[in-house]
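Just one chain is shown here, as structure tokens, and it is the form predicted on its own.
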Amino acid sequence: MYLEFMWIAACAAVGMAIMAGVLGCFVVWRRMAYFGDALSHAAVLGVAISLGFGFSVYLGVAGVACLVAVLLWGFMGSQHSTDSLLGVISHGALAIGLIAAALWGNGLSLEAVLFGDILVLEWRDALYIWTGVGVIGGYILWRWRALVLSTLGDDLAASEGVDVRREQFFLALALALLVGLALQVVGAILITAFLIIPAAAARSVARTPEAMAITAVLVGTAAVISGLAGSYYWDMPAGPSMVSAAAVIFVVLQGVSAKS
């Protein structure tokens, strides 16, 4: 019989899997994996600032992640490549975050920040995550066609009256919100894995964008449930267990795709 903390963990993890599955499709389509890394590294700075100034960790992480998204969006089109900008912002935010954690993070567990601590979540945390599911899900449903068109190509999007820069900006903010909410579920290091692996697994078997998004959500949900079960019964760390389960599903679906 699962204890209450496992039900809370499962509820929070499924919410994270839904958000990451849908947004992860756009990360894979747009080849934005490095952007996910930049946001996750910035999360360390967000945690340290939250502790230093005494406000919600969710607010601090989401705020810093949004700032990173705004900075990148503002610098795009400059003389530097996107990869270079992401490298500067990502590693700069991580370094400043580690310094801030050393100065302000009395009692801060860097292991929990980097790899998550899902088993200490409360129902309030699960509610925050599911609120994020509603916000992100509503935005994706509202802007689905525009997001897909802007992903397919700038010229095609422009011909349909879609502002590509605006769609990129709000997608980046949605990813920042995901990072802020998912930090305690899988941690700063592993959140990018949950953006990429379920979407990549879905891509091998799905034939339409809609099917890929739904499949990515199902893969992510199966991974978090099986990973949490393994964590509970075999006393394994929860975050890495969920990511490992996602990787196993990816390999299985690759095999299924190769045979079909």
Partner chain sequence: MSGLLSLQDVAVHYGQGPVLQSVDLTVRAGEIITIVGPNGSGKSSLLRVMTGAVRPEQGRVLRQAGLRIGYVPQKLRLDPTFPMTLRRFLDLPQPAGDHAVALVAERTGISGHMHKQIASLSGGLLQRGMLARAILRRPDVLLLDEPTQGLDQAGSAGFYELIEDLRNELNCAVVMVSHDLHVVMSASDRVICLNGHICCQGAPDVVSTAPEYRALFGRGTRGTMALYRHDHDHHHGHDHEHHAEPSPK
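Residue numbers count along the first chain shown, from 1. These figures come from a predicted structure and were not determined experimentally.
A second form of this protein, the form predicted in complex with the partner chain, is not displayed here; the remarks below concern that form.
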Among 144-152, 91-99, 125-133, 177-185, the region lying within 4.5 Å of the partner chain in the model of the complex by heavy atom distance | 144-152
Is there a heavy atom of Val28 lying 4.5 Å or less from a heavy atom of the partner chain in the model of the complex?
-> yes
Are any of the heavy atoms in Ala206 no more than 4.5 Å from a heavy atom of the partner chain in the model of the complex?
-> yes
Is Asp83 a contact residue for the partner chain in the model of the complex, using a 4.5 Å heavy atom cut-off?
-> no
Indicate whether Ile49 is a 4.5 Å heavy atom neighbour of the partner chain in the model of the complex.
-> no
Of Leu119, Ala112, Ile140, Leu156, the only residue with a heavy atom within 4.5 Å of the partner chain in the model of the complex is Leu156
Which pick from Met212, Ala193, Leu228, Ala62 sits with a heavy atom within 4.5 Å of the partner chain in the model of the complex?
-> Met212
